[in-house]
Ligand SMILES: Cc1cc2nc3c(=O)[nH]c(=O)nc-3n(C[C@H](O)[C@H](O)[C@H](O)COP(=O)(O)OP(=O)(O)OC[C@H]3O[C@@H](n4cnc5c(N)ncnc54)[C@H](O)[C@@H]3O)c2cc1C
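Just the one chain here, the form predicted alone, laid out as structure tokens.
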């Protein structure tokens, strides 16, 4: 006799959502074959009786997660004790060779340049990433970017969460091959989809880019309360934001405001406290600023990631430097990785 499959309430509802462990990735909402779930206020909500198909707990990155199984699937082996920030093939500093991309990008525009190159070369037809929300500055929304201009307009970091998995669903509907760009927890969800496997959702994925992430803030807390009320900054006046030991708010006027990270810790999303992955260890390519100005610290992790990176480099879409030129960045990578592991031991 087959064991009864478990439904949403007794798995994710009880052990993830109610336990404040839900990252809000929307993967369960996307893959539910009976449309039993809606995405509301950053979390899944049952909108009709669960059919108990057992699919949603199989793809949730916070339910029955196994690092060893995931590493074996992605790399064919487990991480060694001396691999402080996960398995990798290459560490490099990179930036876009195109000046416009560098200016609009977060830290050298590496991810944007990589995606635009991959799109122009026909490697992908689109990218699932965080776009902008009309009328709500710095509020991200999932976007399936299918043109180079859409990719370029989506450059930069907003520091609040975007459920990019919803853009993957759109890509499946439109039958587009794509790259997936997201936080470490979202990359975990992608890997669980591939491990299942849910071929409908796994097949379009060509490669993943993981964004290094210490934590994500609520929009209401960071932008509306801290910036809008406490700092009296008009959100439309912000040109760019960055975190370099503190939050830097670059205004269109040329003025830069600063906020201590300790002052905004209260706005961190609760689920971020349960995360042990700073550098997106399961992505094909990981990318982050790590205190650098105008350059991205890149960790090429898989054979596919190396193929994509080399393609962009050979086409002169990228400019590179060696990590030895910026020893502080490498030390910071190890430091932030260890801090995440301490906060949420594996």
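A quick note: this is a predicted structure, and the numbers were derived from the prediction, not measured. Positions refer to the first chain, counted from 1.
One more form of this protein should be noted, the form predicted together with this ligand, which is absent from this view; the next part is about it.
Using a 4.5 Å heavy atom cut-off, state whether residue 178 contacts this ligand in the model of the complex. Outside the cut-off, so no.
4.5 Å heavy atom contact, residue 190 to this ligand in the model of the complex: Residue 190 lies outside the contact set for this ligand.
Residue 208: heavy atom within 4.5 Å of this ligand in the model of the complex? Flag for residue 208 set to no.
At 4.5 Å between heavy atoms, is residue 214 in contact with this ligand in the model of the complex? Contact with this ligand, yes.
With this ligand left out here, work out from 218-226, 246-254, 78-86, 157-165 which stretch has heavy atoms within 4.5 Å of it in the model of the complex. Stretch 157-165 is the one.
Going by heavy atoms, what in 108-124 lies within 4.5 angstroms of this ligand in the model of the complex? In sequence order, 108, 109, 110, 111, 112, 115 come within 4.5 Å of the partner.
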